[in-house]
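Presented below, as structure tokens, is a lone chain in the form predicted alone.
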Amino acid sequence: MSKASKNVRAEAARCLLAVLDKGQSLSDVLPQAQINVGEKDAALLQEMCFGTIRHFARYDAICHQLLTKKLKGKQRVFHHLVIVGLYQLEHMRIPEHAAVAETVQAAVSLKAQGLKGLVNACLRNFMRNKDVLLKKTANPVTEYNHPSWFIKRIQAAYPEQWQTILEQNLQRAPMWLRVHTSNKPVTEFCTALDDAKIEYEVHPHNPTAIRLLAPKPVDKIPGFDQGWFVVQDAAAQNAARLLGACDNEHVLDACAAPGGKTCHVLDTAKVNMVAADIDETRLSRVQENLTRLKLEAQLVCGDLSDPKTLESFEQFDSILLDAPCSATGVIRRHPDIKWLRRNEDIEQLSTLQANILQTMWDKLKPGGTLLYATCSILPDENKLQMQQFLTTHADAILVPIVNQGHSDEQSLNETVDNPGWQILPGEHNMDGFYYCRLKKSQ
């Protein structure tokens, strides 16, 4: 057994401990862990971390059954190591004996030679008594692998679709590209993919949205350094089209990081673009994307719920507000969201969204367009938020999202009581997303 392969399970257990016990984001802890195991095992580590977090409730409950004594303190990481082993046994193509042996050996990497027997006993007990253990731990949380509060909210909001939504959240996220047509026509990009023998599908209603049938590192896809494409989910690619900015307009992308939508708007029209975000580190990613795609925008770092952040700017012709949200539409892409988010967060986020929305509305010219967007599927952040805004703002006019080339949009029947377009996870292989378009009366 190689040193690297031994450490993969240990690093996975450390990642789970950081995310599920300490509340850190997987996207923050995984990159360093991948460096630790080396390039050869980076993909294996990612699969273990994403998979165990997707199915965490199931294996956490089983692990509690397998352990006669709860592991605490520094030993807590071994609870997660057992979970890594359980996931391998059920979901990965690793032979059972190898999965057990490698996971047991990881206890040595975690400096606990004496716990090898415990890890081994737990995994072998699971293999012998799987059906009994599953029956003992059966409940909605372990069956659907989502926290109870979230299941209840989705059941209330989508009484006929809730099970499908939860099932979609457990799937691997597809890899979507947006062809940056200013640098490369779609037909030429598709030819380059064909020449590289990369299999793909074009979105049925959006010709610039390309889904790779097997995800690939960006440097293995033709034209990344030349700015031919951006990695961007097909749902997010609707933003620039729905905003409909025109040449020479003064446009604001609020909460812009990491910059995919900023770049898309600049690909569709020659506008004077301001991209603003509260996070300076994430704002640097906007600049990286602008540079790679050969684009320009003025970057502003600041709190967009505070009117002072943009007080030096005149009112804008168009504003894209991709509001801070629960991110409950992108759980398949970021499975840790469902365990890090809390029920009480939703009300706080709704209040923050309303504050930013008001500030942005004040910065919009009469006659201008504001496109409100979130990657959430919760009505409190979407439909109910916009209902409230339309009710309390006489100068806000709902501009229905229709005749945009999407069959889904033809039957939206938007009204003030039912505003916006809610995309659910998995529709046309897209992430969950919400859009609502408003015009400010003259």
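Here the structure is a predicted model, which is why all the values come from computation and not from measurement. From 1 onward, residues are counted along the sequence shown.
Same protein, other form: the form predicted together with a small molecule, not shown, and the subject of what follows.
- Not one of Arg178, Lys216 and Asp233 is positioned with any heavy atom within 4.5 Å of the small molecule in the predicted bound form.
- Among the residues Ala209, Ala99, Ala323, Ala297, the one placing a heavy atom within 4.5 Å of the small molecule in the predicted bound form is Ala323.
- This chain is drawn without the small molecule; in the predicted bound form, the residue among Asp279, Asp195, Glu201, Glu314 with a heavy atom within 4.5 Å of it is Asp279.
- Figure note: of the listed segments 123 to 131, 109 to 117, 350 to 358, 179 to 187, the one touching the small molecule in the predicted bound form, with heavy atoms no more than 4.5 Å away, is 350 to 358.
- When the small molecule is considered in the predicted bound form, Gly302 lines it closely, a heavy atom lying within 4.5 Å.
- Contact check for Gly368: no non-hydrogen atom falls within 4.5 Å of the small molecule in the predicted bound form.
- Although the partner is absent here, Pro335 is not a contact residue: none of its heavy atoms lies within 4.5 angstroms of the small molecule in the predicted bound form.
- Under a 4.5 angstroms non-hydrogen atom cutoff, the small molecule in the predicted bound form has Gly259 among its neighbouring residues.
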